[in-house]
Every structure is written in C-alpha cells, then in structure tokens.
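Coming up, as structure tokens: structure 1 and structure 2, two forms of one and the same protein chain.
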Structure 1
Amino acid sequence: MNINMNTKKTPSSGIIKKQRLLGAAFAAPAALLVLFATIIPVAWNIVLSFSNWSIIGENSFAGLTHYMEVFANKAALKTVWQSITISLVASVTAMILGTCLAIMIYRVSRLEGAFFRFLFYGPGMLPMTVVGLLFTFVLATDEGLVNNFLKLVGLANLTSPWLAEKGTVLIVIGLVQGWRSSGTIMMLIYTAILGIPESLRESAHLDGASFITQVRRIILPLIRSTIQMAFSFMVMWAFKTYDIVWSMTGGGPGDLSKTTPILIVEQAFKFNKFGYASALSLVYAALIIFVIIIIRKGLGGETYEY
C-alpha cells in the first residue's frame, strides 16, 4: 500500500533571517527618530523632575519636592483648570462643527463636495499662531470686526472686550481653536461616512426614513468608533494650548488665560526651574492620558462588518 504524503515547503532559515534583517533595516530610521525625539526626552524629563537643576548650577536630588510643590501651588492648579476649560470648549466645538460639515458635504454632489471640503479644511492648514493673530484683530475691543458688526446691526449692548474679560477669554480661545481644527475632524468623519455601504441608506430611504433619521439611526452609530478616535485626537491637540493662547493673549490679561504649557515654558526658560517644570509637565501629561481614557470608555465604540 503506497501512501502519498504532501509536504509543504518552508522557506529556509537563511531566507527568514534575511527578511528579518531587511525589516529591521527599514524600521531602524523610524526607531531612531522615536528614540531621540520621544523616548530619551521623556526619560530625561522624568529624571529632571526628581532633581534640582538650573543649567548653571549643580544637579542635586530633590525627591518628590517638585511634585508636592505642584499640588500645593494654587497658581499652577489654576492654569490646569484653564487648560481643561479651553480644551473642553475646543474639542466640543470641533466635533460638533466637523461632524455637521461632514454630513452636509456627504449630501451634496461630488464636485460641490470637493469645493466645500477644500474650503472648510483650509483653516486647518494655517499655523495656529497665524490664526491666533488673525482673531486678535477680529475680536479687538474698539476696531474689531465682531464688535463693529454688532454695532452696525444695532446690537451695541452685546459688544465686549472678548479677550480681556474673565468670563469670555477662555471660551473665545476655545471656540477659535475648535473652529481651526474642525476641518480635520470633518475629513475624518467624512471618510468614515464614505465607508458605509450605500445599500443601507437606500434601504432606509425606501422604508420611508428621512435623512435626519438615517443620520441618527444608521450613520452616527456606524461611525461611532471613528468619532471616538477623532475626539481623542482632538483632546490631545486641544490640551497643547500654547501657541494659540500666546498669540492671542500671551496668557493675559494678568493670568486669566495662562495655561499649563505656558507656565511650564515660563518656569523652565524664564526662572530656570527645570525640575519643577518637568514635574508639572509629567502631572499634566498624566491628566491628559486620564482624560483620554475616560473619553474612550465613555464613548465606547463598536466595530461593524458590512
């Protein structure tokens, strides 16, 4: 009795080693970039947070002194709260505006959609400092476009020094940052919507569902994971409130709009308190990670197979 056994040929160990070496060679530049641009700076930042170092002085061990100082400093905690306020306003603004724009563009033709995508994504290509400087003129108290428009339409009682009042400065900065980032959110949401099979929407339309119902019952649930991802990215971007705040108010008036990134740079490069600045930056980074985890848990996000 003859038994034929088919054996699969496997690549020799030499070929496998060559493939691994080739893969390592391609990954090496990116790994070096991550090492020198991220891992080493973060490790050095952790070391600095436990030491006293001011460039010209000697480096001595400080233990948890800087961390205790961070939590005991009311001014530092105030900047954290102001950073959270700006981030919250910016993230909500960008998500609502970006999602609405994506849904509206999805409804128009391809030619019109291409034009509106370019138009609404335009602000996202501008540097944050340029946007900030632009809106300092738009929101100026006496010669600003907003106040002059309100006066023109007979609503002079609504004029305000938008960037100089405690109740408005943080919200206005958040709105500007959210508007600037809404184009990126729009593109992410629009791409996710295009991935939904057209047959699902057509079936709903044949069943008599309006477009609003389709958005609520089909589109938004199916892109929930993308919304979660976009919201997480937006929160990370919004917490980096240095350039937009510095270009619009410089952290003022007084310290009404001073955020944690501004305080970190100030403590490090103005007062040479690198240990304290490092501790504050690590506490701030831990806060951002915690907020993102809460967002991801809260939004959930499910994956659907069509």
Structure 2
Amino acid sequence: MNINMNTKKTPSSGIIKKQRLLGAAFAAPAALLVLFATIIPVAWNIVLSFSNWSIIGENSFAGLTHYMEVFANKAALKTVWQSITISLVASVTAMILGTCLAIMIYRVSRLEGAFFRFLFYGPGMLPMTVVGLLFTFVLATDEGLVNNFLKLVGLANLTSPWLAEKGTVLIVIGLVQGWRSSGTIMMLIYTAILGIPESLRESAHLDGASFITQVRRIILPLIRSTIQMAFSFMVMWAFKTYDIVWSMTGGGPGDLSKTTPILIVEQAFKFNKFGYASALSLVYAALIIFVIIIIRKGLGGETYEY
C-alpha cells in the first residue's frame, strides 16, 4: 500500500482542472448534437402536448385537452390496439423462432452452424422498408409466392389476399417483422449458450440426461437473463411499427393496419395537429416503457451464477 501511495503522486489541483477543461471541450460537440437532436425536441414535445400550436405561429395553452382527446378518440385507441397486436405477434414469433434456432444451431457441427447462422441472421440487417416491400411481393394476391405455392401443392382454398383482409393483415405484418428479427434474437441467445461451461452439460450427459432435459433443466434456466434482455429489446423494436407497416400496407386496407406511429405522423404533418400528435406520441412512449417494465418484472427472478 505504502509503495503505491509513494509512486502514485496525487496530481495537483491545477492538472485536474486542466484535464476537466479538456474533458469538457472533448464532450462539447457530442453534447451540442445530442442537445439539438434529442433533448430539446423531447422537452419541446412535452410542452407542445399541452398547447395549441400551429405553423402560423398562434400559440395558446391547451391544458389536458389533447390528452383527453387521445383517450376519447376511438380511432386513436384503435391504432394503439393494432400496434400492440403487431408487436405481440412479432415478439412472440421472434423469441420462439430465435430460441429454437439458437439451440439447434448449437447442437449441429461447427461448420454447419456457421452456415446457418449466416443464413438466418441475414434478414436482420436488411432495412425494414426493404423487408416490407419484399413481402408485399411475396404475399401479393395473384402473383405472390405464398399463394402460388399453396396452389401448387393443392391447397388452393387456403390462398388469401393476405394484406387486404381484415382478419389476417395485422398478424401477417407481425409475422414478417418477427421473421426479420428472429435472426437477431437467435444470435443473442446463441452467444449466451456458448458462455455456459461445457463441464455442466458434460456432467448432465454422463448422468444420462437426454438433450431435451438438458435444454429444459440446464440451458434455458442458465440463459434466463439473456432471454429476458432479448425479449425487452425485441418488444422495443417491435413497437417501432412505422417502417414495416408503411412499406407493406401504408396503414390499409382502410385503417385496418394503421398503427400509432403512422397516425402521429399523419396528424402532425398532414393535418397540422401538432399538439394532439405530441400528446399521442407521449402516451405511446409511456405504453412502451410500461410494457418493458412489466417484462423486466415478470420474467425476473433468480439468476444463477456459474
């Protein structure tokens, strides 16, 4: 201890001050950009949601009217419901597919694993818009891959105008989004499985546990915290429903797949109802944060040290 104290001279306050100044200078450009692009807009968004603001410059205090409008407006609540449906389908699809893929890839040989990882993770790096456009083509009523495939295998009665039907449109969009994200989830979970010490599985194997038992009793409990983290990321991504919905249906048919982000942009930039749109966006943000907290609490529990 003593030696340490002697060699590490405490720097004089002058040097600390100089370092701090330099530190502030280093942080300044980042701080300015973040202030301009994030902090000021968010603060202003809160102010906007309480005021009547129009592009001409009229400005008056509106109190809670915009919020009341959000909760009284059936159309707005419907978009929230539709966003939740899409995100739910997408999250569940991605989590189940991703986890199963990760476990299967872990079990096959290393070379095969690398090949399949590349293949399954691929869609995850494509922009949502491109994925959406690709699937408008795949799901097209007459020329689409899915309907033509169904006809080919003799299930013509199952063909459907997937993106133009009330019952299917939300679920199909959710499935596409889940498909796109499943590779990402797979990668997160696969990395976690690799972190489990081989000795644990080895000893289970020697005790005669089948692979399914190993998965249920060893792998899944040990990667619980990763699954929880991946799930909350996934929900956060899934609620960003603008790109995928806009590129697949544009909110249609009618308003049947219109999600809250689309409504926000439309209200603000088409109808100039900035205050209302701001209030709606804050309600939506609160909903997302609420859902994530529930997931964190609900899936929480003991984590194992290993």
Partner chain sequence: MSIKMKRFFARNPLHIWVFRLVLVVLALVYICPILFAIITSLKTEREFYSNIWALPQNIRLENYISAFKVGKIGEYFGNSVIIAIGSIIPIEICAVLLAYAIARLKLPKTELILIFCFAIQLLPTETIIIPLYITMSKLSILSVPYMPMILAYAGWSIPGTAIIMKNYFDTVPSELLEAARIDGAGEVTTLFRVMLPLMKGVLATCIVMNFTFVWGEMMWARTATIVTTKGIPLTVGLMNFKSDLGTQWPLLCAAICLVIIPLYLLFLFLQKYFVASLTAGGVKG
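Rigid core (definition): largest C-alpha set, two forms, superposition within 1.5 Å. Given the structure is predicted, the values throughout are model-derived calculations rather than measurements. Along the sequence of structure 1, residues get numbers from 1 upward.
Engineer: Choose between structure 1 and structure 2: indicate the form predicted alone.
Structural biologist: Pick structure 1 here.
Engineer: Has the Cα of Leu64 moved 2 Å or more between structures 1 and 2, judged after a core fit?
Structural biologist: No, because once the rigid core is superposed, the C-alpha of Leu64 moves less than 2 Å between structures 1 and 2.
Engineer: Core-aligned, is the CA shift for Thr38 between structures 1 and 2 2 angstroms or more?
Structural biologist: Passes the 2 Å threshold, so yes.
Engineer: How big is the turn of the smaller rigid part relative to the larger between structures 1 and 2, in degrees?
Structural biologist: About the larger part, the smaller one turns by 12 degrees.
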